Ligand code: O7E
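To begin, one chain is listed below as structure tokens, in the form predicted alone.
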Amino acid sequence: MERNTCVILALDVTDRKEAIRIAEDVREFVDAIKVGYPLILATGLRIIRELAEFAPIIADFKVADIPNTNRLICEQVFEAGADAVIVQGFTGRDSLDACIEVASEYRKDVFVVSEMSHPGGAEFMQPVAEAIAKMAAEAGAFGLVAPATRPERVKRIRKLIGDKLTIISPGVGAQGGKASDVIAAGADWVIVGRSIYKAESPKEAACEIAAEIEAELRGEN
């Protein structure tokens, strides 16, 4: 996944035509599109290949099962055309290893959730987030998911893992996170959903966020 705008669109709509329209509209300003259960359950796995015409696809299934089941899920995800999958780390090293092994076979990527972006994400996950981050680095994951709503946590995790893993950070916009703040804290990409796909002009909204990040990277903020 190439880092250009540092923006990932979380496309949590449930209508196929709307999803394709938005993806085509914002393709210039996003580096990837994240799809999850709402869109996949509504339209089927075929939507992954349709959207892949516009950007790399991250399948946000937060895979969290025993190793064999994780393997089967990841195989289906990559067969469907996804470029990466998001998995949970709390199920342990063997379950994570199964995901990474499949990804390696398909030459795809795995992102591991260290901590989620909603308020409840700090209740049980924050105490183990750093252990999960260390495990993900040791296992050879491609990246981590860390909350844009808590930039100090992103900064802490970046300090912990150094440059070993990329960090994608959800929670920008509707959840209150600010793109430039989380990029400054050490994230490689921000994940933005409602602030883009619910905007009157998704293209303009994506452009504005990309411009904010560019200004931060240039030291203009």
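These numbers were taken from a predicted model, which means no experiment stands behind them. Sequential numbering from 1, following the sequence displayed.
The form predicted in complex with the named molecule exists for this protein as well; it is not shown, and the discussion that follows is about that form.
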- Query: Going by a heavy atom distance of 4.5 Å, is A10 a contact of the named molecule in the predicted complex?
  - Reply: yes
- Message: E115 versus the named molecule, in the predicted complex: is there a non-hydrogen atom within 4.5 Å?
- Response: yes
- Task: Using the partner position in the predicted complex, report whether I86 sits within 4.5 Å of the named molecule, counting heavy atoms only.
- Result: yes
- Message: Under a 4.5 Å heavy atom criterion, is I191 part of the interface with the named molecule in the predicted complex?
- Response: yes
- Message: Within 4.5 Å, heavy atoms only, one stretch in 154-162, 39-47, 178-186, 60-68 touches the named molecule in the predicted complex. Which?
- Response: 60-68
- Here the chain is shown alone; which of C99, V145, A136, V77 has a heavy atom within 4.5 Å of the named molecule in the predicted complex? V145
